[in-house]
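Read the single chain below, which is given as structure tokens and is the form predicted alone.
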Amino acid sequence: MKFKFLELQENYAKILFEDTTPYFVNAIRRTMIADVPKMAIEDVTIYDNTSALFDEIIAHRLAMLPIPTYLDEVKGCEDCRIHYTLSKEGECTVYSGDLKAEDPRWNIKDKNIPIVRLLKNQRLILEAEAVLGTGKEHAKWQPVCGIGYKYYPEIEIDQEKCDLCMDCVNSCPRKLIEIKRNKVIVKNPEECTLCMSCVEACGRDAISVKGNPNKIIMQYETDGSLTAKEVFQEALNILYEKYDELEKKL
């Protein structure tokens, strides 16, 4: 198997896998969702809450905040806990940036996630602790979202059959087909969604579109607790350990 990053940002990645199978790529996808660990708030002690939301709703919103996770420090440590405090009085909106960690390194990076709106003289005072977990236990420990993959689009155009009618050009929802020098060409084939609109629009059967199951594009986002590259690397490490254990048992 070979792979390369078609696009890599801090919280987003698009990866091209080659010489592989859908089963193995799906194993990577499921591992990223269920087995890559991250920190999330598990215990909340509320001392004063006169807001419009119940304590349980406040605790749930805190649990879904993306806690920055340094796996080299906390991986394998079941007793590692990050302590947070929050104390606010209205009139104001309580944001994720108001949650303060004992060590500033663990403060939430996205400081503008709203938790609750406080009216005049309303208060919210609490303590919270984050622990390490995985997505198979609860969604709050799931580091990725919007993860999916597709077969690599292979688009072939029979220039002899094509009469440059522009039907395929006009039908493509992503505007990937164009005519240059009296020839139909496809730009950025990786962006094709395999919708087959161009095939249906062509009345001369001059264009064919299919997905290659041995060449797959995966894309995903993270919630900010881990970078896109860290999640991918950790998923591969976990899979390697599982396959290595299986090989030894066999």
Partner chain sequence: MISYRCGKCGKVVEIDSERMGIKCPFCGSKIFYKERPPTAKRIKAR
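Please read these numbers as outputs of a predicted model, since none were measured by experiment. Positions refer to the first chain, counted from 1.
Beyond the structure shown, there is the form predicted together with the partner chain, which is absent from this document and is the topic of what follows.
For the residues Lys161, Arg117, His138, Lys109, the 4.5 Å heavy atom test against the partner chain in the model of the complex is passed only by His138.
Interface residue among Met218, Cys202, Met32, Ile41, judged by heavy atoms within 4.5 Å of the partner chain in the model of the complex: Ile41.
Not one of Lys2, Asp19 and Tyr23 places a heavy atom within 4.5 Å of the partner chain in the model of the complex. In the model of the complex, Ala27 stays away from the partner chain, with no heavy atom inside 4.5 Å. At a distance threshold of 4.5 angstroms between non-hydrogen atoms, Ser197 is out of contact with the partner chain in the model of the complex.
By the criterion of a heavy atom within 4.5 Å, Tyr70 is excluded from the residues contacting the partner chain in the model of the complex.
The partner chain is not shown here, but in the model of the complex it comes within 4.5 Å of a heavy atom of Thr45. Judged by heavy atoms within 4.5 Å of the partner chain in the model of the complex, the contact stretch among the candidates 179-187, 52-60, 207-215, 220-228 is 52-60.
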